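Presented as structure tokens, the chain that follows is alone, the form predicted on its own.
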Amino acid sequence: MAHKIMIVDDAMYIRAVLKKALEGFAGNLSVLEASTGKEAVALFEQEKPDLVLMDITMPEMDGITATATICASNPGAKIVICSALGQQQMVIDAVNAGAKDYITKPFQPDQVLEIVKRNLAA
């Protein structure tokens, strides 16, 4: 079964790092990308990915608002927040908005894979 994962980050470099880390995933995977929270909400509604890796700080709509918006209409959505060190309060806010998990930058490929596997299996 193919899994659809959406990577949401305003930095193209971070999206590339996450996409590269996902290459180590055993199984069929398609990766979608969005660069703003607003774009993520629209793409989620259209594609219904199995998992979302969501940055917190983005233009137009931040990751916490995007998470809350997606979860309001899709309560089963699996969203993992990607935060920088020192953003603990924002991570708590994101979890309260519906995020299922979080990962901190800088990313380690094995960490990314572990989080993805754990959340796809949940």
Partner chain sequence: MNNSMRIEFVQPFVDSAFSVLREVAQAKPQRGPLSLRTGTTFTSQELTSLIGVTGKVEGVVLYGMSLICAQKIVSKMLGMPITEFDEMASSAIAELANMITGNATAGLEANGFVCDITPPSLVHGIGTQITTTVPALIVPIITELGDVEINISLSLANGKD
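Positions refer to the first chain, counted from 1. Since the model is a prediction, treat every value here as computed from it, not as a measurement.
Below: the form predicted in complex with the partner chain, not depicted.
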item: Complete contact of Met58, Leu85 and Gln108 with the partner chain in the predicted bound form (any heavy atom, 4.5 Å); value: yes
item: The partner chain contact in the predicted bound form: Leu113, any heavy atom under 4.5 Å; value: no
item: Close approach of Met90 to the partner chain in the predicted bound form, 4.5 Å, heavy atom; value: yes
item: Leu18, heavy atom within 4.5 angstroms of the partner chain in the predicted bound form; value: no
item: Touches the partner chain in the predicted bound form: Leu22 (any heavy atom, 4.5 Å); value: no
item: Segment assignment from 73-81, 58-66, 27-35, 41-49: heavy atom within 4.5 Å of the partner chain in the predicted bound form; value: 58-66
